[in-house]
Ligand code: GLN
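Only one chain is included here, represented as structure tokens and corresponding to the form predicted alone.
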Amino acid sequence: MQHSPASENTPNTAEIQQIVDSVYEKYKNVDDGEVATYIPELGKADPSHFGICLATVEGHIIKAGDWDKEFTIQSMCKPFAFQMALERWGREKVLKHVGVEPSGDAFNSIELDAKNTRPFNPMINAGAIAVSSLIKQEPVEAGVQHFLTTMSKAAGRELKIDQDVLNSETLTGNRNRAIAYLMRNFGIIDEQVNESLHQYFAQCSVLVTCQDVALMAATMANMGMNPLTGERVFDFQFIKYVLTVMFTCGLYDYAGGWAYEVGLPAKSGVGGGIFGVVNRQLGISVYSPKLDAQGNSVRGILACKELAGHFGLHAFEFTNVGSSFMQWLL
């Protein structure tokens, strides 16, 4: 395991590192779940991989295990795309195309809200495709590059797209095509259906590490500013809306259980990643590709529960000292 220079310069980060290491050791041999195979390229992931990373708004990074292994971001791209749509079009315009209510159904359900024929929220595939339609550009590769550039700024390094995963998503994405054409039928997305789908597939295919995602989360926690580079990435006035929808909808049909047990705005992806945001404090990222029935990382869920308990991170933790992660750095 490697420790960051920032953690070595702050005395109390040694204690945080010990806790993160202990959580890693506790769950690294858990073998439940299955690697996603409905996108064939994802089935090639090493099921033994397991990484944890915490990044604070002060720029401290604590990590354990396979924190530096690359994997595709998958549905963890959805909050960031939603943020970009809000910045481009504003709240009212975006809400005409996608709602903010939990669906209670699987992430890839072919359904719309019967009351208004919108997708339920931007964290499920239907809503994410609607959002992709809003942020795509002409030519379509310009929109993809804009998303990639924004994610690179949030991660603090230049990211790239896994072309093999993108090709695999495109070849096997018929369920997402069905969702897109359903929305086209109701006027939720425009006639450029294939371009919207390409934007979505490309967003999901961005390669990241646990540290990248922790820094993306920390950038949201830090009011839109990357805590390492100091660069403004996101417009902070919209982050509260993104975090709210993450809290209520980010873990699909486990969203209620997650809110109850972990209590953080978070998002998962079928690549095996989960990230959480502790507002004004830190970002948390975990990676392990074996998934449960809801499509969430098994080891990731266990690790997040444990870390939230250790550090008092639940949004409704009433013990003032225990609810502030920053006390560990003082």
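This is a predicted model, so every value here is computed, not measured. Numbering starts at 1 and runs along the sequence shown.
The form predicted in complex with the ligand exists for this protein as well; it is not shown, and the discussion that follows is about that form.
**Student:** Considering only heavy atoms, tell me if S196 and the ligand come within 4.5 Å of each other in the model of the complex.
**Tutor:** Flag for S196 set to no.
**Student:** Decide whether Y200 counts as a contact residue for the ligand in the model of the complex under a heavy atom distance cut-off of 4.5 Å.
**Tutor:** Judged by the heavy-atom cut-off of 4.5 Å, Y200 is in contact with the ligand in the model of the complex.
**Student:** So in the model of the complex, does any heavy atom of G269 sit within 4.5 Å of the ligand?
**Tutor:** Yes, contact at 4.5 Å.
**Student:** With heavy atoms only and a cut-off of 4.5 Å, decide whether L302 touches the ligand in the model of the complex.
**Tutor:** No - in the model of the complex, heavy atoms of L302 and the ligand never come within 4.5 Å of each other.
**Student:** Quick one: find which of 275-283, 62-70, 47-55, 33-41 has residues within 4.5 Å of the ligand in the model of the complex by heavy atom distance.
**Tutor:** So the stretch in question is 33-41.
**Student:** Considering V213, C204, C249, V131, which brings a non-hydrogen atom within 4.5 Å of the ligand in the model of the complex?
**Tutor:** Looking at the other structure, the residue within range turns out to be C204.
**Student:** Exactly one residue in F147, F107, W258, F234 has a non-hydrogen atom within 4.5 Å of the ligand in the model of the complex; which is it?
**Tutor:** Exactly one listed residue reaches within 4.5 Å, namely F107.
**Student:** Could you run down 224-244 and flag each residue that has a heavy atom within 4.5 Å of the ligand in the model of the complex?
**Tutor:** Contacts from 224-244: none.
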